[in-house]
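We begin with a single chain expressed as structure tokens, specifically the form predicted alone.
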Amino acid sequence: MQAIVLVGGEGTRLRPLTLETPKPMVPVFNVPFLERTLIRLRDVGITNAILPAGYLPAAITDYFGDGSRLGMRLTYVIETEPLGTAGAIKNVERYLTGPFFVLNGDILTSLDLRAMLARHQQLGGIGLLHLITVEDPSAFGCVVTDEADRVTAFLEKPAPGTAPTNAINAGTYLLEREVLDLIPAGRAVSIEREIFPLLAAGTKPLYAYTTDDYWMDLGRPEQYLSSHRHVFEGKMPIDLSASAVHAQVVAPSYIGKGVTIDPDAVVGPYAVVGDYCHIGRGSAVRDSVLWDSVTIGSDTEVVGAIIASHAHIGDRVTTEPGVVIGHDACVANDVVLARDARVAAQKE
């Protein structure tokens, strides 16, 4: 069994976090999200993964290399221009030898891939799509099924209140290789808008696999931040046993290696602090995610913020919820960052 992990997106909704870091490399509890995805594949016996990349690909290839560090074999296919979800799959056709998983590179989920594979083998269709149910499906692709779980229709982002179902495409697919024959080569192709409707109308069934697993699209800062809280709350299983312990840390929190916290500072609850961060005297960090090597000055309050690597936050700074601070950014002393503010480094 092989897997394609779609990692070509630019992550524009996460800027400034993704100005220097491709979206799949954004850390979740101090580990690049893509690494967590690959380990998840490896742990169910899928060690052959293909990564169609386009935006800042060197950050991915340099970090993972050939995949041997993870006990995997990784193949990179660099797109010179965006090909869309199906176009990216078609572009790696030469590496595919049989049925394959496709995973969107920005979905955090507890889905059991072994169980999904077993269901596909039981049904024997041309493909199996993972679905979840949500309260408001208007921001997603709705998938209509019959009583036998066969997909009958797709509706991409229906107007509020008009959706025929609250089951949505959850971004994990298991497809037979013959699906590739339906994807045009050499252009951008959407699997959601072009290929899935063709499969649903075909003679060989396309089936749905609906579960109540944890699922989160990490494409927006508020969702990215919420996912960390959900892990602390036990909704999404991630092993946090490697976290260091500091006397002034309020649980639940996660502290990376080499972190220094002034005795008069308070961290937590719901704080994720990356490696080699420094939190100064009298400061407080809670409900926030700090990447590596972030410096927090004295008497500063960081609440509900995301701060990328090597950022420097001055003394007596206050961040209101929703603030996102990019790589290498500097925030001067005595500043109040208003709710949902975005701060990027000033380039010379």
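What you see is a predicted model; the values in this text were computed from it and never measured. In case it trips you up, residue 1 is the first one in the sequence shown, and so on.
Beyond the structure shown, there is the form predicted together with guanosine-5'-triphosphate, which is absent from this document and is the topic of what follows.
**Q** Should D262 be classed as touching guanosine-5'-triphosphate in the predicted bound form when contacts are defined as heavy atoms within 4.5 Å?
**A** Because no heavy atom of D262 falls inside 4.5 Å of guanosine-5'-triphosphate in the predicted bound form, the answer is no.
**Q** Is there a heavy atom of D275 lying 4.5 Å or less from a heavy atom of guanosine-5'-triphosphate in the predicted bound form?
**A** Taking the distances in the predicted bound form, the answer for D275 is no, it never comes within 4.5 Å of guanosine-5'-triphosphate.
**Q** Even though guanosine-5'-triphosphate is not shown here, does G105 get within 4.5 Å of it in the predicted bound form, heavy atoms only?
**A** Output for G105 is yes: heavy atoms within 4.5 Å of guanosine-5'-triphosphate.
**Q** Tell me, yes or no, whether P27 is in contact with guanosine-5'-triphosphate in the predicted bound form, where a contact means a heavy atom of each within 4.5 Å.
**A** Answer no; every heavy atom of P27 is more than 4.5 Å from guanosine-5'-triphosphate in the predicted bound form.
**Q** Residues in which of 230-238, 76-84, 140-148, 252-260 have heavy atoms within 4.5 Å of guanosine-5'-triphosphate in the predicted bound form?
**A** Flagged stretch: 76-84.
**Q** In the predicted bound form, do G127, E176 and L182 all put a heavy atom within 4.5 Å of guanosine-5'-triphosphate?
**A** Judged in the predicted bound form, none of G127, E176 and L182 sits within 4.5 Å of guanosine-5'-triphosphate.
**Q** Which pick from V317, L34, A53, A305 sits with a heavy atom within 4.5 Å of guanosine-5'-triphosphate in the predicted bound form?
**A** Result of the distance check: A53.
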